[in-house]
Structure formats: C-alpha cells, structure tokens
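We've got the same protein chain twice here, in two forms, each standing alone as structure tokens: structure 1 and structure 2.
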Structure 1
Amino acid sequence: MKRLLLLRTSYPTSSRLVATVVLAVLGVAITFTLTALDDSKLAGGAAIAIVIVGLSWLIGWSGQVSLGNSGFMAIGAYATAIWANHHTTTPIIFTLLLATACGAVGGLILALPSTRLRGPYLAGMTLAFSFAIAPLALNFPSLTGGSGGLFLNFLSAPTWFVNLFSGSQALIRANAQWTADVAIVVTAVAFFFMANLFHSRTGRAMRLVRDNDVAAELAGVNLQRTRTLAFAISAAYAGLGGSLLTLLTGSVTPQTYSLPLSILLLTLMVLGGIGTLSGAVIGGLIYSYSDNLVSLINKTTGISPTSTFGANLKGIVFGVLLILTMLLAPRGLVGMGSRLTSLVRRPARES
C-alpha cells in the first residue's frame, strides 16, 4: 500500500494514465454484456460527459457561468458534418480534432468580450450566444442544410469486429458496440487530459482566480488571459462532445443544440457534482438512462406517455432531482457519496 501511495505522489501523471487505461478497458468490457440499445445509450452519455466535464472546468474551477455550451456543441457538430460530407475518407481522429479546434476558436471569440463581465451579465452574454446559433444555421442553408440540417455516415464497425458476432442481428450489435467502444476511448482520453489540467499550474491559477481574483492578480496571475483560457478549453470540450454525438447519430440540426440543451447540461453537472471528473461521468450516465427512468415512472403510475403531463415528464423529473440535490446534496451525488463514506469511516476510526 505504501509503495502504491509513493508511486501515486511521485509520478502523478503516470498513475492517472494507468487509472484511465484500467477504467477504459473496464468500460469496453462492460459493452460486451449490454444490448445494442444500451450500448447506443452509453455512447451518447459518453459524448455528453465530455461536454459536462468541460463545463465543470469553466464553472467549478474558474468560477465563470455559461449558458452557451450547447452553441459550442453546435459548432463542433456542424464542423464535423460539413467536413465529413466533403471528405469521406478522413480518419475519425482528425475529424474530432478539427471539431475540438473549431469549438476552442468559438470559445476564444466569445471569451474576449465576455470575460470582462461577471455574474448575470456573463450569463446573459452566453445566453444570447446560445440563442443566436439556431438562427445563424437557418440563414446559411447552403452550408448548414437549413432547418433540415445535415446528414453523414454513421460510425460503422470494421469487418474484423463484425466477425466477432453471429446471428441475424450481428451487424446491428457490432455497430452499436463499436460506437460505444469508440465513445468510451475518446471520453477516456479527454478525461485524462482534464485530470492533468485540474492538477496543473493552470488549474491552480483557475482556482485562485475563482476564490479571490485580487489575490490572484497580486500573485502575478493574468486574470483576462486565465478566464479566456478557461472559456476556450470548455468550448473545445463542448465541440468535441458535439462532434462525437454527431458521428453517433449521423445528423445535426439547429433544433438539437438549443437553449434547453444548455440548461440540461447545467442540471446534469449539478446532479453529478460540480468540478469533479466522477460527477461528469454520473451526469453522462443520467443522460443515457433517463428515458428508462421516465418509462419506469410511466408504467408504475399509469401515466400515458402521449398525454401532456407524460410528454413533459422528463423535464419534470430533472427539475425535481435538481431541487432535491440542491437541498440535500449541494455538492451533487459525488459529494453525497464522499459524505456517506466519511460517516462510515468515522465510527471505525473512533473504535
């Protein structure tokens, strides 16, 4: 045990890399036990988890508020679709990197005027950006496809992977699991870089700016540059998540990346735990299987999914969960888990 602790403190990056690889392998192994539908849901949740961790970096570590991350997702999504429609043989890694770069540029452009604002003024600025994305997409139909959006080829499993399956549903199962595995690997890489960023000099500067900007400025931290960097990184992660989600669904429309999605991302981040990697994972899983929870409630209560109440039940459930989380666990489910763990360990230490 002492050797493991010494390794962790002496080589933190290496220990994070090992932990990332182990968790990614475990995640890929789990996909072999799931149905095709569950694999598809898991892949979508992984893409959303990337966006949540970027938003958590911006809000939880730099103390800035953003309601526009759905707009940065749209930038990554449209960059992916436009590029894929003109370059069909481009490797997926290049497409993802391109969307990430486009998201970062969009975040940088918005950050230049926005980071001088604080509180509700900053939220209003990002809110306006989120509202502007859909009209912009609609006004350039030759590029974005207008209200109908753009379509591209789905991620499809290679032949050697399809050969691992048998039966009439082999191709469907193989494609669903392949997309889930790709999403898990991409998410693992994104989380590895974010974990190192959390513990880097930049991360410490972010926290100092968040807690006391006067002290940060006295310590030599450039407030404008630090806040701008936080926005750019968060937008880059949103662009990556939007790109991955587009590759999974095979389409992008202006209606997908609207203000409700930004609010949903904030809700998921709060439910999981602001400023934590595990909280982003929990938020992604909640997004993946929220439909299962709503279906269970419908069956238990007898509410018709086609009724007005049933059609809005998902939003109601998220609202209730958010209220309960803010009242009972302000630090999210991660904070609640840490608190329960400390309560369990306390009697053991006292004895």
Structure 2
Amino acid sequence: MKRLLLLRTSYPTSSRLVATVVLAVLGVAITFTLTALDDSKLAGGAAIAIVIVGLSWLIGWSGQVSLGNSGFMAIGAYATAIWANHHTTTPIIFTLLLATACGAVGGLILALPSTRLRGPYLAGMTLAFSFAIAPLALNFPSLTGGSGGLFLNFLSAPTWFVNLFSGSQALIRANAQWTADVAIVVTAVAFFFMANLFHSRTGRAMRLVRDNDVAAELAGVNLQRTRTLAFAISAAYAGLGGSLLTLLTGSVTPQTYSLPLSILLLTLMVLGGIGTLSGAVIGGLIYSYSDNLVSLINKTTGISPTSTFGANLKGIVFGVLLILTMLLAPRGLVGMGSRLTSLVRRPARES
C-alpha cells in the first residue's frame, strides 16, 4: 500500500514503472501462498478495482458522476463472450483490448450529448443508460443469449504452470492461481496507465475543469473535449473490468450488470477514497471480501443469513456505509489514513 501511495506523488514515469513492476511481482508472489478460494476472490477484486479506478478518475478528477459504468462493463463483458465464442484461439490480451475499445466507443457515444450536461443531469442520464442495457441484451437473444446469458471457456492455466503444482488439487489450484495472476498483471498495467494519466497534461486540465470550468475555459481547455475524453476513458476501464470478470467467471448474464452493481461500484470507490489509486485497490479488496464481511456481521450480531433481514444485509450495510462515508469522511479510507498519519507526524500543526 505504501508503494501505491508513492505512485501518487509526482515521480517520473520510469519510477512509476518500477513501482508497478515491483507491486505486480509482489502481488503474484502473494498468490502462491493463498488458497484457491482466496485466489479467485482476489481475481474478482482485481477486475472490479479496474472499474473502480476508471470511475474514480471520472468522479474524482473530472467531477462528473456516472451511474452507468455497470452498463459499460456489460458492453465489455458481452464483447468478450461473443468474441471468445467465435474465436476460441484468440490470445486473451487481444480479447481484453477489444473489450476495452468497445467500452470506450460506448462511452464516447453516450458522452457526446451528455458531457454538455453537468452533475445531476449526467448522473441521471447514465442511470437511464445502465437501466436500459439489460433489457437491450434481452431483446437480441440470438446474439446475447437472452436472459440465460452466454457461457465461454474461462481462463485455464497453461501446462507449464499446472506442472508447478502437485497433489490431488493441482489443477484446481493452478487454474485459480493462474486467473488471479493474470488479473493482477492486467490490473497493474491498467493502474500504471492511470497513474500516468493522473499526472499528465490531461489530468491537470481535468482537475481544473472540475474545480472551476470557467477558469479552465479561459485557460484554453476545451471543456467538452476534456469531459468527453474523461468519460470515454472511464468507460474503457469499465469495459476492461467487465471483460476480465467475464473471462474469470466464464459467463455473462444481463442481470449481473444492473443498477445494484452501479451502486456497489460507487460505494466501493467512495469507501476506498475518491480519485486515488490506493482507494481503488482498497475498494477492490473490499469487494473480494465483502461476503466475509457480511458473514462476520452475521456471526457477531446473530442475524441468520437465511432470514429476510440477513439476506438483504449486504445491500443495507453497503448503503449505510456509503451514506456515512459521504457525510462524515468524504475522502474515504485513504483520506482517513492520511489524516491519521499527518496527526501522528505533525501533532503540533493540528492545533
């Protein structure tokens, strides 16, 4: 985590590259120590972290709110499944890039009219979009598989990787770890690009647009182009995340990519910390272990997970956490962390 924070300070690209490689290697090394279950949880969290960092970029850096990123995830997911079912031998990197591009194009189409709008209008428009995506998939069952969705071969480990493992569970463990490692590497690359984007000219222009669009315009920033770009990048990240998630789970269904997922993405991003890379990582980890969190609450409070209340506990807990974070600590866990460290380091300045 400390290394990730390092990414945020303005070091040149080369040191960001070094940090990314170190972190990716570290991440992959950790997967060797984990169980198959933890590995697959981590893989899912990594895919979600990619979506979160795209959303974080949009909300935290350009000040636009999107409730439509679950829709862009769906675009990436369907693109992946449809492509993979027709071209089984395509290298996964190509599939991922294709899905990313599809997400970006989707974002561009929606962004062209809506980035002229501000705040609530845009949020509402993207909500309407994410609401329309699942029915749209249902309407073309020959392409999308209708309500049953599509299935594809999920990622499986190459032979040399399986050979690293032994024992009766070798294949299961190898596959789980392979998907986790692929997810970690893809996430590392995505985060590397985002870290550079944060510090690029575009990134700075974006912040100016967020804080004072009139000043930005006077400074020669093209508002519409900047906002459209921010939106398309966010959608591209959602497409990539959706694609990765599809490759991990081996299926895509329209119900997955509906309003609750958009709410969940927003919650995870806010909980981690808006506009930060480490916040997106935290958000991804929370996603990975949210079921553990809920069962922990079940255990400590004695609420049965099969009762009506227990079954809906996750939604309630996340909703309440989102509200409380926004009201009490709008910078999320990352903000709380940095406030804590600055308290420890400089107690005098607080007075």
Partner chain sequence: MGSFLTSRFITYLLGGISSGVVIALVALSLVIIWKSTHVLNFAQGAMGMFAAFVGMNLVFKGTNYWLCVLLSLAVGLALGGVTERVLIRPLYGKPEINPIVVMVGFLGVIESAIPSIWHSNLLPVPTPFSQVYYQNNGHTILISPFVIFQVVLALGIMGGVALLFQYTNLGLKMRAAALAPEVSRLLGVRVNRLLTLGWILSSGVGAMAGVIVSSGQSLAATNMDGIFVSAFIAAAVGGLESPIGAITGGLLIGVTESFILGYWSSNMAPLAGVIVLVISLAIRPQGIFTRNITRRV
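Residue positions are counted from 1 along structure 1's sequence. If you superpose the two forms and keep the largest set of C-alpha atoms that fall within 1.5 Å, you have the rigid core. Since the model is a prediction, treat every value here as computed from it, not as a measurement.
Novice: Is structure 1 or structure 2 the form predicted together with its partner chain?
Specialist: It is the second structure that is the form predicted together with its partner chain.
Novice: Does the C-alpha of Ser288 move 2 Å or more between structures 1 and 2 once the rigid core is lined up?
Specialist: Comparing forms between structures 1 and 2, the Ser288 CA shifts below 2 Å.
Novice: Given a superposition on the rigid core, I'd like a yes or no on whether Leu321 shifts its C-alpha by 2 Å or more between structures 1 and 2.
Specialist: The answer is yes, as the C-alpha of Leu321 shifts between structures 1 and 2 by 2 Å or more after core alignment.
Novice: Indicate whether Thr300 shows a C-alpha shift of 2 Å or more between structures 1 and 2, with the rigid core used for the fit.
Specialist: Yes: Thr300 shifts by at least 2 Å between structures 1 and 2.
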